[in-house]
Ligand code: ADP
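What follows is one chain in structure tokens, specifically the form predicted on its own.
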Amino acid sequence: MRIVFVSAEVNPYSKVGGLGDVAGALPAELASLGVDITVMTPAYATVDHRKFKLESSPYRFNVNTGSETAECGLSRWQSPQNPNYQIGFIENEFYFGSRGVYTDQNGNYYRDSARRFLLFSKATLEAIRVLNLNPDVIHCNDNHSALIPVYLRAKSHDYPDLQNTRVLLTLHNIGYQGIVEMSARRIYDLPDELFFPAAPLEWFGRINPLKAGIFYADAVSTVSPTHAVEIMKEDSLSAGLKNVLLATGNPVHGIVNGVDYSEWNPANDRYITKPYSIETLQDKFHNKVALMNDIGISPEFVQKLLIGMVSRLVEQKGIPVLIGALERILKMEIAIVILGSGEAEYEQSLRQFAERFPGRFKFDAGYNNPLAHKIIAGSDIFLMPSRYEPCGITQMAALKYGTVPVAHKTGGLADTITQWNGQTGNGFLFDNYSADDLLNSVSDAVVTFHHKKTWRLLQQNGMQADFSWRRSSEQYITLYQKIINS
């Protein structure tokens, strides 16, 4: 089975979010199971050819985006352990080599993002051709590569050698659709009828690449079974694309992401103060003490519950609900540490809480990977009040660390966290997306925390869960085979 896996970001070369984690881990696991897989991604400024031992190739090709022609190159990384696994980097100095993934150094999205990812999609198709990959399936991810099935089907005469190739489009976050103004239509070089009202690319007078990708892909998947159901039932959780998904006449396949246990494992985590495992769970306490000392939580809270949270500070992650409950949560005699960055108003609100509650509420703006590990290892509970969460990875990591999740029952959170009932379960879930329900779940966690034997059983339940990439990879192979045989 030959797969080309297309992603705008790949860990460790260009990680921004969860998509980068998936693209860095899933293909490697698929290759270990015998799949012949090539990952295609742009060669951004962060991709250090010497550090990552990339090989240059002689391949150069031109790609048209409307009236503009861009010359592209290709560099390559070959796994030294597995000949079935390689990564191809699409090179263009102006659009990729001199820039970051999605935003500039000030966090502003590039104004020509539509052209950048159109170039990436078309260049990927050219790279597949020059490398003679002949894939059985092209696995596209999110809006950045959603135009690939559009070109394969709407301009099939340009790609005669790929007409037997199937396309899987995975939706990691359906809320990001790559929508641009209709005035950008000239860059696509696609038939006019695709832009007419209600046509595949048209979206309320604008252009929506993700909508078109869903229309033309042979199959659509997302990153948890519950989220697959949610986006086919609720307009709000599908970001308006529910009817587009239903119109395909096919189900959305849901496969939970995995977590990379080579990075997220308390037994060998290089960032934490004292490694521990389910057999030495008592040593987790040393990491709590170290975290509190490092960030300035008062020692008086060392025997009380410590809440940790590592998140983007955006509405989707439930920050409004969190802020609405914080005042009452802090009256419970607990301490809280939050690491994250995002919308200015949310950062400002959390800074104000930190000023009002010194020694028991700490907020660190930005992203700090070592600190993220320390928070997950040192906290007693891990908070994820997301309004919607296609999958989520940090709750699965937290479970491995014996850090009990408190989360909104949605998407992948519902698929990986089971409600504690006194004997079984690994966390606390609240059904209604509200500050009151979040508060009630935290209260339940506080009560349980003070029953030490019960809390230990709850922690052990989480640590025993298996969310490795092996399980997810096996499900993807089954889905690929189904698409190939359809």
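Since we're looking at a predicted model, the values are computed, not measured. Position 1 is the first residue in the sequence shown; the rest follow in order.
Below, we turn to the form predicted together with this ligand, even though it does not appear here.
Interface residue among Arg351, Arg129, Arg312, Arg206 relative to this ligand in the model of the complex, by the heavy atom within 4.5 Å criterion: Arg312. Ile393 is the sole member of Leu74, Val150, Ile272, Ile393 with a non-hydrogen atom lying within 4.5 angstroms of this ligand in the model of the complex. Using a 4.5 angstroms limit between non-hydrogen atoms, Phe94 is distant from this ligand in the model of the complex. Residue contact with this ligand in the model of the complex: Ala372 places a heavy atom within 4.5 Å of it.
Shown alone here, Gly18 lies within 4.5 Å of this ligand in the model of the complex, counting heavy atoms only. Heavy atoms of Val252 never reach within 4.5 Å of this ligand in the model of the complex, leaving it off the interface.
Only one of 110-118, 132-140, 289-297, 338-346 places residue heavy atoms within 4.5 angstroms of this ligand in the model of the complex, namely 338-346. Contacts to this ligand in the model of the complex (heavy atom within 4.5 Å) from stretch 259-283: Trp264 only.
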